[in-house]
Every structure is written in structure tokens, then in C-alpha cells.
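Consider the single chain below, provided in C-alpha cells and representing the form predicted alone.
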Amino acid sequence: MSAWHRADGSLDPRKVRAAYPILATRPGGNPLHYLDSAATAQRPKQVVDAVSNFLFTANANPHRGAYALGTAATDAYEGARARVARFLNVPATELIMLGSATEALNLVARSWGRANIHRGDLIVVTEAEHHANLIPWQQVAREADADIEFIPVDDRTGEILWDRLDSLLKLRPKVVALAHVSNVLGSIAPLAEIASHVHAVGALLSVDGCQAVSNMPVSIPELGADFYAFSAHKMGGLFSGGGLWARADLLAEMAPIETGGDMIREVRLRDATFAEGTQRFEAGTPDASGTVALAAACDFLDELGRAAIHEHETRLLARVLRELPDALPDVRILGTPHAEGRAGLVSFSSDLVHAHDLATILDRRGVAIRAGHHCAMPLHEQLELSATARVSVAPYTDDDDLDALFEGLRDARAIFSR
């Protein structure tokens, strides 16, 4: 094991924290207890160093300059693509580098969806989807006069009722779109099983993998997805960055939705032909530094060990699930009650203390959590909740962070019980 682990092979968060300079800062005068990694993960020094090295040694446009610096930029960019592809266990020739997972999910809907979804066709999503995996399909359905049906959730816990999918599949949808890990529920979808059922009726499976790729081992071929989107900034990369994996045969049929430089083969005044493969989906100057940063983030996550990360986070989530009812006796926890079925996060509500008040009180102690609808308004409406509080963990989260969380929750309960 590496320097980041204990003798028994488990992750040692105190050692890991040393790689994240921001965790030594004191915003607002308090030690920082960062519990909002599901929104944006902190960046390790290794990622920042990789970006600096690229900008200081290879800062040129990839694919363009026929000079040594331009070649270095191209090599760094394409090498980073290959590294991210290895991280996901997919061919680099099937990996499109984009600005965000939102861009990736929109690409699936606006390119494949617009070409293949027609009047009367059916799209299936879950009631728990992030807006980025719902609104693009709403747009496609509206334009094509197609239909959308929803895999429902439990009215109390929000847990997705996967057993209802088979009845929807009898309607023979064209595509099923869902999250690998819900950004509100934290629940891990049984993707391999879902994929086999989806493919049995001739449909495709499009997956939002944002909350999965940094929290647990992910090998896309084992999941059965046809499209898989992910976001760099949730992996310790920069804000801009992410990508889409798609099967090679699907990529070959898809049209670009953005056009311009670097995605063309030939341009004439009245028409143009486009490049083959992933290049035709990457119009304009690529975000080479962001892709290099993402590759460095993949290096660091693999150095820590994704299985070890998941084991560490599962232990922390088990403590959150166990102690939340003591800190807030009226707490309503969303998603599965078992830490083993989760990845990275727990969302909850309290009738005594509103989520936004909780976040404000916790911030006074340096505890950063998320409060709101987490870009999943339909789910919150279904659960009759205006907002929830969300605690999310990472390799650098330790028990001191959770101690501060529960002290703050007890403080909030005391304030609102007066």
C-alpha cells in the first residue's frame, strides 16, 4: 500500500488531507470541515501541479501547431484522454472530452435523441433525476411529440422503485436515462441488471455517472451502459471538464451539435464534411489544461485506490446514518437506510430546522454542507419537501469532520427547540 494507507490497507484520511492545502485554511475564522464534495470535490496539490506544468511547458493549441510546443500540447491532451479512458476501462477512441457532464448529457439527447426519437416514441427516466438528465429529454420529447414516463420513487424515502421498470419496458421505450448514483438519495443503481432488461426490449441505457466515478470502482463495460457521462470537478479536476463515453457504433451514427474549428475534415463555402470519431464532437479549442488536470485526478484517485475510497466512505456514511437520529430526533433520511447501498452522500430533512437554517448554523462552526433541492426539484416535490440538507464525504473526510457536523446539528436543535 502507498503512503496514503494504514498498515491494514485502509485509507488514512489524515494522511490524505495533507494533499489538499485548502483543508488547512480557516474560512470565516473556523477550521474547515468540508462536507459538500458531491457538489465539487476539493483539488489535491497533484492536480494543480499538473496544470501548472502543462501551462508552463506545453501551452499551445492541440491539433494545430506544426511546431515542437504544439506537438507537446497535442501529446499531453491525447495522453490525458487515454489516461481517463483507462480509468473508466474504455477505448480512448470512444471517449469524448467535453466541458461538463451537463454538456455530455445534452449531446446524447440533442444528437442521438433528435435523430432517433420520433412521434409516439417513449423515453423513460426516474423521478429522482438531476435536471441535467431530465430537461434535455423533455426538450427532445416536446420537439418530437414523444412521451416521457417515469420510474417512481417511494413517497417517504425517495428510494427509486426499480421493480416498476419492467412494466415500463413493456411499452418498449427507445431510451432509459438514469443516474448511476443519485445526487440526492446516494443510492447505487443496479446498472448491470437494469441494462440487461433495457437491452432485452431494444432500448438504450444512458447513464449520468457524476456521483459514481470518484466514489467507487467504475468499469463501464461491466455496467452495460450505452452512454456514460461524468464530470471532472467532482473527481478533483477543474470546474471545466468532463466527458462522454459512447459505444463506437453509436458514435458513428451521431451528428455533431456544435460546429467550427477542429471538428472538420473539409470545408467549402457552401458545405463541409466532418472528422471521424470523437473529434467531430469537440469543436473549437479543446480545454487541454482541464483534460490534463482530469488525468492527474484519475492518477491520484487510483493511487488512493477506488475500492479503499469506497470502503472509507461507506464507514463514514454508516456513522452518519447511525447518529443523525440522535442529533435530530425528527430527522427524515432519504434513500436506502444501509450504507452499503450508497456512495458518497446522505440527504435529510427536519421539521424542526429548515435545511437552509441548518446550513447557516453549521457554517458558523466551519462545517460546509449543501442545502436546497440539489437540482432535483421534481423529486423534492414528489416527497413534499421544499429543500433537504446534504452531507457528502470524500477520501479526505475524517471523523473530526463528522464530530463537528453532529455538534452543529445538536446546536441547531437546541436553538430551534427554545
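Sequential numbering from 1, following the sequence displayed. Just so we're clear, the structure is a prediction, and the values are computed from it rather than from any experiment.
One more form of this protein should be noted, the form predicted together with a small molecule, which is absent from this view; the next part is about it.
message: in the predicted complex, does Thr102 come within 4.5 Å of the small molecule, counting heavy atoms only?
response: Yes - in the predicted complex, heavy atoms of Thr102 and the small molecule come within 4.5 Å of each other.
message: Is Ala132 near the small molecule? Define near as a heavy atom within 4.5 Å, in the predicted complex.
response: Yes, contact at 4.5 Å.
- prompt: Going by a heavy atom distance of 4.5 Å, is Val213 a contact of the small molecule in the predicted complex?
  reply: Close contact is absent here: in the predicted complex, Val213 is far from the small molecule, nothing within 4.5 Å, heavy atoms only.
task: Using the partner position in the predicted complex, report whether His312 sits within 4.5 Å of the small molecule, counting heavy atoms only.
output: No, His312 is distant from the partner.
task: Note which of Ser187, Ser206, Ser347, Ser231 lies within 4.5 Å of the small molecule in the predicted complex, where distance is taken over heavy atoms; exactly one does.
output: Selected residue: Ser231.
task: Tell me the stretch among 257 to 265, 163 to 171, 144 to 152, 102 to 110 that has any heavy atom within 4.5 angstroms of the small molecule in the predicted complex.
output: Going by heavy atoms within 4.5 Å, the stretch is 102 to 110.
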